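Just one chain is shown here, as structure tokens, and it is the form predicted on its own.
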């Protein structure tokens, strides 16, 4: 595919978030990496060696670079507001890795800064951009299956036992599974339901004193029009729901079932928080190679959508359609790499003025549901959403 005018993109942060998006950034023609900002000299040197352009130690300095049209903010959650405001002040379009922020005030400030500057703001990559989710949205929008009545999303992973910095185990600093993982399920079910969320009831689990933050949750969300969704997630590294996804991992790569327990075993050898943080730092750009392009679409665990005339099950290979009297399957191959949809969305916004569903206020509204989960779990009641 040939794109005559790719977007000049600068990247703020060359850590794990950037690494997961890197295969698509390397191969998708809609963007051209022209600058980076990162604290590690080794990462900046690796960026320049691969992509050329200019490397900065400071995000605000990078945002002033005239080569940039847009900035991909892949820094830690708590830095998103400062970096998004710097990009907006420089007149750059903004792609912010989920979640948009940790506090609602910061999220609202990011939306306001983008609106004031007249730049596009997109929250992603999130799994609402996955090819099966986008294909399911098109099927649901066609009306052929009637109204969406119920969505069930579940995911069991080893999230809590992957290498973490201390703040990633502190809920007040955006740690735990709510801000990093619930945001994916929230975005997915909001995109599929196609209606505003009205209220939330939830319970959370924090069951390991050595990892003192939420590692699990289950919640029920009601939507305008009468639909509802149940979301369940566990990051405690026991059951692996990729077993129900044909042993395809979240990033679209085949997974070896014999690697079960790998995260817990690796963590057991760590002797201090500093050593664990260093282990996470060793996974950044310039220290390890990014994943190869994946043969399957990315996913976030099994999702089943119940409509008037069919149930749809999302898989890494496509959509199972269970109709009134017949079953069928619609394949959704990655094209060309799993995270290309978010890059195409950025291109369509900047070049064609066509903002995606996940633009502007979307990220702030999804964050409201994260806070509603925490509040409902604390109070034991429903939380009404404005």
Ligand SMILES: NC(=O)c1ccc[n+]([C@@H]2O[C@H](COP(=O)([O-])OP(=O)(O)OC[C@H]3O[C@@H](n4cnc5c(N)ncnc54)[C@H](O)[C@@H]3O)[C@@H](O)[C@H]2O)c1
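Residue numbers count along the first chain shown, from 1. Just so you know, these numbers come straight off a predicted model, no measurement behind them.
This protein has a second form, the form predicted in complex with the named molecule, left out of what is shown; the following refers to that one.
Visitor: Since the chain is shown here on its own, which stretch among 130-138, 114-122, 92-100, 262-270 would lie within 4.5 Å of the named molecule in the predicted complex, judged by heavy atoms?
Guide: Contact criterion met by 92-100 only.
Visitor: Check, residue by residue, if 14, 38 and 83 all come within 4.5 Å of the named molecule in the predicted complex, counting heavy atoms only.
Guide: The answer is yes: all three residues contact the partner (heavy atom, 4.5 Å cut-off).
Visitor: Do residue 299 and the named molecule come within 4.5 Å of each other in the predicted complex, heavy atoms counted?
Guide: Residue-level check for residue 299: no, no contact with the named molecule.
Visitor: With a 4.5 Å heavy atom cut-off, would you call residue 74 a contact of the named molecule in the predicted complex?
Guide: So residue 74 counts as contacting the named molecule.
Visitor: I'd like to know whether residue 374 contacts the named molecule in the predicted complex, with contact meaning heavy atoms within 4.5 angstroms.
Guide: Residue 374: no contact with the named molecule in the predicted complex.
Visitor: Is residue 30 close to the named molecule in the predicted complex, meaning a heavy atom pair under 4.5 Å apart or at it?
Guide: Residue-level check for residue 30: no, no contact with the named molecule.
Visitor: From the list 242, 214, 168, 106, which entry has a heavy atom within 4.5 Å of the named molecule in the predicted complex?
Guide: It is 168.
Visitor: Which listed residue (319, 59, 346, 34) meets the criterion of a heavy atom within 4.5 Å of the named molecule in the predicted complex?
Guide: Filtering the options by heavy-atom distance leaves 59.
Visitor: Just give me the residues of 275-308, first to last, that have a heavy atom within 4.5 Å of the named molecule in the predicted complex.
Guide: 280, 284 sit within 4.5 Å of the partner.
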